[in-house]
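Heads up, the chain below is alone and in the form predicted alone; it's given as structure tokens.
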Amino acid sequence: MAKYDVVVIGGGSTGTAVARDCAMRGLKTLLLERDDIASATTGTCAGMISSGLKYMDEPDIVDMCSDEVVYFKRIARHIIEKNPILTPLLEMSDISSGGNFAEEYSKRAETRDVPPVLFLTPEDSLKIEPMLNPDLIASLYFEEYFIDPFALCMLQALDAKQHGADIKTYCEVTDILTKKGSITGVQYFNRITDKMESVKTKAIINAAGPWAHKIAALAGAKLELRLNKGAHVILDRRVVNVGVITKAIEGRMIYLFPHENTVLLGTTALDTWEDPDTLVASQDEIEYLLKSMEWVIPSIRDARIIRTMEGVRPLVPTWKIPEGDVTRGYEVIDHEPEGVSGLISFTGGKLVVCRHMAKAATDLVCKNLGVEAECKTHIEPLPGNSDDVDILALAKEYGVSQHTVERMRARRGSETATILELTRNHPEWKTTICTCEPVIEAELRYAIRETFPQTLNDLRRRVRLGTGPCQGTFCTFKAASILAEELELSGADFQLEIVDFLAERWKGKRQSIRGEQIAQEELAQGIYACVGNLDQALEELDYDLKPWEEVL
């Protein structure tokens, strides 16, 4: 049985950050994720590495967030972009609150290399973003940084692996082994090998997010969370080219952020006792967001909703106060006082502080194990951040469009040239597989070989496959063929990959399907169920069609 110093449970932003920190400090580390890297809560966020000014009542949190932005700029600049943001002011009462925000934000702006908050006239506001409501009386202008959450988690996992950690996806923890109150091992079901497996370990870091209380219970420990769900609506175009933050119908703040080739409208914040595995955005949440945003972006409903997503925040369990007043800080829980030595859990936290959370937990593990090693995760760059990328030169050298190279650079950084080099021996790999993004065949093959995807859904998280306006209508079959060749899948598995991918896409679309999106879905069904004949193929394979009754 394999032995580890620490087992990390959960492959989101915090779990992968923990695995990286532990491995960099010389701890023999195993990360277990029941699905794919960044496949749950982290994958449903907007990617904003906020400076924390939403939480002005917690200056320590604001300072922490601001510091972490600086560190991310150092270690992950290739997957970060700085976006301008406008907050339109439609009423005179908004001016005073805007002034307080401006003052606090500007105190820390220079540290993050952003300008102080500016008050803009209606004319200047409309020059920057013509889609704004022309009746605004002023706006606030400021800038924030955004990161690709899928790329961040994958790069943290890859860096952990390069430092000696083992990364195992599709491995669901089923039991935590103890002896006389001390952690001795972990048992998990490996969905790839279809076997139960076990390892020995001295410590477990529970980074399972909204499922962390279930993991703690496996060891006989208690962990309380305040679960809070949030929905996003994804639109088929860049309705705006700058971020817009505004008051929702009840006065809390929502946003509309340009995101790659689309925009994200979000987010709701509702306490929930539902199963995080089955949550989807409700019609009420969708209409709440649209109604709230159309006051400042009157044309918002002209865009087509291509997808929705719902995530669950594992907040610090503070009760009898509104959700917005709950701290966005975090707690590291050592379960030893409960009689479970070696188990450490998290409550709370945000994407921007995942590295900080990892440092706190790794410091505690090192202390408990008697290991003296300094944290360097804020200094050492993530893979792909080693050099600048000359997009124009690479596009010319390899005969690939500048847009394709730039999108590749935003995901792979300095690895871009390595990917393009594959096309020297295989010029046919310059073929565009996903035109919405775009993604060429060489990048798909590189991702399959280097980032351990098991499914088409995993590839989506690696290269944004099928995330554009067509939602996989035209790229799924081509991408599945490449995945099948690289992983040597059978014909039946090839067909199942297509169906599973389209079913996953459908989960995020059915709540909002309306108007032109209905025609889009009819086209997809015609291609895969009629021309592709997948419904009949699945029946011949005796595949359970119940989840697909609405699709095929």
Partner chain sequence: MSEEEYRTVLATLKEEAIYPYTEDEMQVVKSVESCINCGLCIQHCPVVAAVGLDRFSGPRSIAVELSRSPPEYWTTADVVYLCTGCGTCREVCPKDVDIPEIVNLIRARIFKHRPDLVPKQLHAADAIIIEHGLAFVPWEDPEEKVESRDMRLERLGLRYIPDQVVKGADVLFYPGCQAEERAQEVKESAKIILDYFKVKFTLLEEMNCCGLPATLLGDDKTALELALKLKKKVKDLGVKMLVTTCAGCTSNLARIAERDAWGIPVYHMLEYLVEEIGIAKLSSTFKRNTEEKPLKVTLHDPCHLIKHTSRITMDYAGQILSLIPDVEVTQSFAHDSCCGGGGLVSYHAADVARAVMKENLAAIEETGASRVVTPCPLCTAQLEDNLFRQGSSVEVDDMTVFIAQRLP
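Note that this is a predicted model, so its numbers are computed, not measured. Numbering follows the first chain given and starts at 1.
There is also a form predicted together with the partner chain; it is not shown, and the following applies to it.
Asker: Which of these stretches, 216-224, 237-245, 199-207, 166-174, has heavy atoms within 4.5 Å of the partner chain in the predicted bound form?
Answerer: Result of the contact check: 237-245.
Asker: Although the partner chain is absent from this view, report whether Arg407 comes within 4.5 Å of it in the predicted bound form, heavy atoms only.
Answerer: Contact with the partner chain, yes.
Asker: Would Lys179 count as touching the partner chain in the predicted bound form under a 4.5 Å heavy atom rule?
Answerer: No, Lys179 is distant from the partner.
Asker: Though only this chain appears here, would Pro322 touch the partner chain in the predicted bound form if you measure heavy atom gaps against 4.5 Å?
Answerer: Result no; Pro322 lies far from the partner chain in the predicted bound form.
Asker: Check whether Phe72 has any heavy atom within 4.5 Å of a heavy atom of the partner chain in the predicted bound form, and answer yes or no.
Answerer: Phe72 lies outside the contact set for the partner chain.
Asker: Within 4.5 Å, heavy atoms only, which of Lys107, Lys82, Lys376, Arg252 is in contact with the partner chain in the predicted bound form?
Answerer: The residue from Lys107, Lys82, Lys376, Arg252 that makes the contact is Lys82.
Asker: Looking at Gln402, Gln454, Asn368, Asn190, which has any heavy atom no more than 4.5 Å from the partner chain in the predicted bound form?
Answerer: Going through each option in turn, the one that passes is Gln402.
Asker: Would you check whether the partner chain, in the predicted bound form, lies within 4.5 angstroms of a non-hydrogen atom from each of Gly185, Phe477 and Ile482?
Answerer: No, because Gly185, Phe477 and Ile482 lack any heavy atom that approaches the partner chain to within 4.5 Å in the predicted bound form.
Asker: Suppose contact means any heavy atom within 4.5 Å; which members of 150-171 contact the partner chain in the predicted bound form?
Answerer: Stretch hits: zero.
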